[in-house]
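Just so you know, structure 1 and structure 2 below are the same protein chain in two forms, each on its own as structure tokens.
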Structure 1
Amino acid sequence: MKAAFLARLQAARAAGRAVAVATRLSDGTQYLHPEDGLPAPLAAAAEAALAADAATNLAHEGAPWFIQPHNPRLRLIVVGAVHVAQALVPMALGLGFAVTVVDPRRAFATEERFGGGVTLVDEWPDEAMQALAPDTRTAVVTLTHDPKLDDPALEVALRSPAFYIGALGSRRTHAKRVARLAEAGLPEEAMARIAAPVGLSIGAVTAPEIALSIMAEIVARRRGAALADR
């Protein structure tokens, strides 16, 4: 890899841009997708590699190519520095997620409770969520059971392209939540994006079990696994 090309790749990664390196194996020629305008078949392969987070090989016009995706880290935004969050955070970190915990209650969102490697934000959830700007590589989970904290965060998240949005609470709690969000002007199709009750149905009871069910559902959603209807 030439120094100038490496510098472009490093700049893209530092800026958090999703890019892919396309290498023609016959002569080592390299292109940076999407900046370099690849032919359609190679561009499609690069997009597929980025979506799958997996490298791929293909042939184009008689030459072998290797596509290497370089995505920014997946993100998990957790609203509510509660016991479930304490179990969820290390699981997400272990899976390579960049984790942010949002809770304006400063006694809850502390390094003593969550350790290092996690970003702690003590702003109100709606303001924090707007600043964090969830994208297609972001999962959002609300855990406080407090509408004053969860609802504003969900309003912002549901207007974003976040790939997963989950909310803790029973079906009865969620029905009340949906009614409140509808009054706030969110359409039915937006609220249908909320995974609630959050997590896969594995009979989870304890905080670590609930965290496991949530993380499993996030991974399943990310990987496009077929899940049973709620």
Structure 2
Amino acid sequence: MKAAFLARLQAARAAGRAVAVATRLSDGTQYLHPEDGLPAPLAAAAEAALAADAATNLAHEGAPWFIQPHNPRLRLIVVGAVHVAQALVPMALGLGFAVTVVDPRRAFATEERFGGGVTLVDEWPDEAMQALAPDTRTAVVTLTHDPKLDDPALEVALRSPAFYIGALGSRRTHAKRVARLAEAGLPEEAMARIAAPVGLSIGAVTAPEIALSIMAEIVARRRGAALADR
């Protein structure tokens, strides 16, 4: 790999563009998709690799090729800059997520509480969520426990293709939440997407343990792991 090629790849990744590297294994020849305009079969394989987020091999004109996708980082949007969020954020960063914490209460979403490496947003959750526009590579977790903050965020999340939507709160709290969201016009199928009580059932008690259970559930969802019913 030439240094100039690596620099182009790193620039694309830093800009959050979805790119793929195609390497001819017989001699190391490399192309960057889509900017280098690959031959059609290789371009199609690169698109498929990006969609599946998995590397792939193929033969093209008698030579073996390896295609490695580089998708933008997965995103985690945390609503509620609370104690559990403080434990969740470093864990999510370590797992490779780009993390945004939303909380309109100025005393909570502070750099002192969260350090660098995370985006802090102090807008109202519905506005913030509209702007953040969760996509298929986004997980959303609401942690405020306050319907005024959690509900508007969930409404936006449930109308998005976010791959994971979790809400902190007991079964009782969640039942009330579902009733409120139904009143707001969300269909039952939408409500079924909410992971609640949030996180895998590992008997978590402390904030880091709850954060671990949430990240474990997000990873499981992302990887399509079969899990026991809640």
Partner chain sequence: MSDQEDILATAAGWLAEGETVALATVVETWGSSPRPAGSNLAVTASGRMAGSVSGGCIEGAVAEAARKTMAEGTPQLLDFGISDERAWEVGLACGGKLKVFVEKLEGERVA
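Structure 1's sequence is the ruler for residue numbers, which start at 1. Keep in mind that what you see is a predicted model, and the values were worked out from it rather than measured. The term rigid core refers to the most C-alpha atoms you can superpose between the two forms while keeping them within 1.5 Å.
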{"property": "Form predicted alone - structure 1 or 2", "result": "1"}
{"property": "Rigid-body rotation between structures 1 and 2 - hinge position, chosen from 51, 72, 126, 203", "result": "72"}
{"property": "Rotation (degrees) of the lesser rigid unit against the larger between structures 1 and 2", "result": "35"}
{"property": "Cα displacement of residue 65 between structures 1 and 2, once the rigid core is superposed (Å)", "result": "3.2"}
